[in-house]
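Shown here is one chain on its own, the form predicted alone, set out as C-alpha cells.
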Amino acid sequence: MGDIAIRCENLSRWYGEVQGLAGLTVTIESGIVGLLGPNGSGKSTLMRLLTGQIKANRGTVEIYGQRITPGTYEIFRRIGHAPGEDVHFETDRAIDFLCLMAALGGDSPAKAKDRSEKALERVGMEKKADVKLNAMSKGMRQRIKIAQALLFEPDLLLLDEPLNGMDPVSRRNTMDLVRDWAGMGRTVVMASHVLHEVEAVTDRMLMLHHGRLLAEGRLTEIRDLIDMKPRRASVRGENLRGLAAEMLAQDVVTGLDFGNDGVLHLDTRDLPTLLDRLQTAGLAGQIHSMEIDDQELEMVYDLLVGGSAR
C-alpha cells in the first residue's frame, strides 16, 4: 500500500443544471493512476477541483491529508497541473512563459531561468526555448504545458489529455517521463479518453461516466472480455504514401485511407505493434503529429453500463 495522495468524499459539482461531478468518493495512493472517460465524463472537473480552480458544491477533497478549503494555498505548491486546454500567452517564447510561471511561484529572475531550462530539458524542448508558442505544433505546446507542470518538481502531477497531438517519439518519451516521475515515490494522475495511452503506463484505473465513478481498480479483470477489434491512428507528416506502403508491407494494418486534408488513417487490430512501427518513422522525422481513435474504451464502457458510453 502506498501513501494516500488524494481523498475525495461525496465530491459534487454542478454548472447550473449541468452535473459535472456527482458524489465521487475515491482514494488515490502514490504511483500512476489513469483517469478514464469520454468527453463530458467529469475528468477535467475533477482536475479543477483538485487544483482549487473551482469549488465543490458538496463534499470534500484532501491532498496529502490537508483538506482543500477557501484560503488553503500552501498545499498547491506540491501539485503540478498540465491542463487540457492551452493557457499560455501565444506570442511568448517558451522560455519566457516558463520563467513567468516560475517567478509567480516566488523565484528570482536567475532562479526562474535555471528552473525553466531544466524543465524544458526534461520534456526534450530545450532547443525550442526561443520559439514562440504560436509557432509551435499542438504536440510541442503540450510538452511546454508539461514542462510548466514540472517546474517545482511536484509530489502530485495532474496531466489532462497530455498526449494529444504528439508525434510517436514524443508520446513514448512522455510516457517514460510519467513512469520515472512515479518511480520516485510521487503520484501521477493521467486523464485520457484513449485506453491504450493510459494502459501503456499503468493498470490502475478510475473510470468516470456522466460525472459518476463507474469503476475503479485494475483493468486486467475486464481486459479479457474485449474482442480484438480494429482501431485507428491518424497521421500527419511527410511522404505519407510511402509510409502507407510500408505499413501494408509489414502487415500491421487492416486498412487505410487518406482524408480530404491529406491525413493518413491507418486501421489495425494490433495497436501496440503499429505504434512501434510509427515510432521508427517518427525518429526519421517522417511524422509530425498523430491522433488515436481508440474505440476500445467505448467497448469497456459498453460492458460496464450495458450501452453506449457516448
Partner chain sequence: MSAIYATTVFSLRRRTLGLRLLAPIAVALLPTLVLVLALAFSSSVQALELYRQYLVPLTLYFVLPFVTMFMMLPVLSELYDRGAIGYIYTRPVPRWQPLMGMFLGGWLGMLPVFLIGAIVPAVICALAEPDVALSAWFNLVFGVTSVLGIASLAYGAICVFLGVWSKRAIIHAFVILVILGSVLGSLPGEGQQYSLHYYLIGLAHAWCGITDSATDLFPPVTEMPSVLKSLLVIFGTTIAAMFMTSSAAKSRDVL
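As the structure is a computational prediction, the values presented were derived from the model and not from experiment. Residue numbers count along the first chain shown, from 1.
The next section is about a form of this same protein that is not shown, the form predicted in complex with its partner chain.
Scanning 199, 92, 117, 153 against its partner chain in the model of the complex with a 4.5 Å heavy atom cut-off leaves one residue, 92. Site annotation in the model of the complex: the residue of 169, 101, 129, 213 reaching within 4.5 Å of its partner chain with a heavy atom is 101. Its partner chain is not shown here, and in the model of the complex it never comes within 4.5 Å of any heavy atom of residue 279. For the chain shown alone, residue 55 is a contact residue for its partner chain in the model of the complex, at least one non-hydrogen atom being within 4.5 angstroms. When contacts are judged by a 4.5 Å heavy atom cut-off, residue 218 does not count as touching its partner chain in the model of the complex.
Among residues of the shown chain, residue 83 is one whose heavy atoms approach its partner chain to within 4.5 Å in the model of the complex. Listed stretches are 201-209, 236-244, 68-76, 178-186; the contact stretch with its partner chain in the model of the complex is 68-76, by a heavy atom cutoff of 4.5 Å.
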